[in-house]
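The chain below stands alone and is given as structure tokens, in the form predicted on its own.
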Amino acid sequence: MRENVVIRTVVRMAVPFIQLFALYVILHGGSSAGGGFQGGVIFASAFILLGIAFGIDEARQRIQEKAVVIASSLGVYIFAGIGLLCILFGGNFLGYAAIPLPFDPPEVRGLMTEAVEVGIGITVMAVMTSIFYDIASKREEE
């Protein structure tokens, strides 16, 4: 891969803004368009862009495959944990009003929705990054 200073500089400048926008989409998913899935894909696109511009080895240094596996598990645990917590307190799966917190039910529902969106976003980001790593690894083997 030939080094292109312009592409690498633009990618270095764009990645933090892409990640910031992804966090915005994830955290505002409960009240506007977007959510965990869309934000997770946007966040993963930052790592994919790094892999395309700098090579797969550089991308793997920024976020290692071990971290990707941990992140995907963490996201699923957040999602499932909140759902099971609701069941333990006598509600339905993801029935947030059943969780006894010192807030009003609408505030509890809002906090739990945001936490679930974050869990989904982490999982989607990790899975998309893992898929990119797998495809790029097979490409290098050929």
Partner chain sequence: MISAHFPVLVVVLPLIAAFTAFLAGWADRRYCYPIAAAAIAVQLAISLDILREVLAGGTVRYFLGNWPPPWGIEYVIDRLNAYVLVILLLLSLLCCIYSKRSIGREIDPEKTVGFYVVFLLLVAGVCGIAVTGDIFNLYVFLEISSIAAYTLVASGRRRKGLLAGFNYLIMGSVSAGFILLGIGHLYVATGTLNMADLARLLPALYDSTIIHTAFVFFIVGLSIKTAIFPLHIWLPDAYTQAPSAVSALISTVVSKMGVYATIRILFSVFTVGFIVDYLPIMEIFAWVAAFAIIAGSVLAIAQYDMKRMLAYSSVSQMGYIMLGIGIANSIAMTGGILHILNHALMKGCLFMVAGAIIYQTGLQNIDDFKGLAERTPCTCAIFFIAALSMIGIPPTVGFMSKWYLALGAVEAGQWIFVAVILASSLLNAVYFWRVFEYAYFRHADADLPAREKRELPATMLAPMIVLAAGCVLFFFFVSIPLAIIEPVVAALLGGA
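Positions refer to the first chain, counted from 1. In this text the structure is predicted, and so the values were computed from the model without any measurement.
The discussion below concerns the form predicted together with its partner chain, not included here.
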message = Each of Val69, Val76 and Arg109 having a non-hydrogen atom within 4.5 Å of its partner chain in the predicted bound form: is that the case here?
response = yes
ask   = Just to confirm, Gly55 within 4.5 Å of its partner chain in the predicted bound form by heavy atoms?
value = no
query = Taking heavy atoms only, is Leu85 within 4.5 angstroms of its partner chain in the predicted bound form?
reply = no
message = Please tell me whether any heavy atom belonging to Leu49 falls inside 4.5 Å of a heavy atom of its partner chain, as the geometry stands in the predicted bound form.
response = no
query = Is Asn92 close to its partner chain in the predicted bound form, meaning a heavy atom pair under 4.5 Å apart or at it?
reply = yes
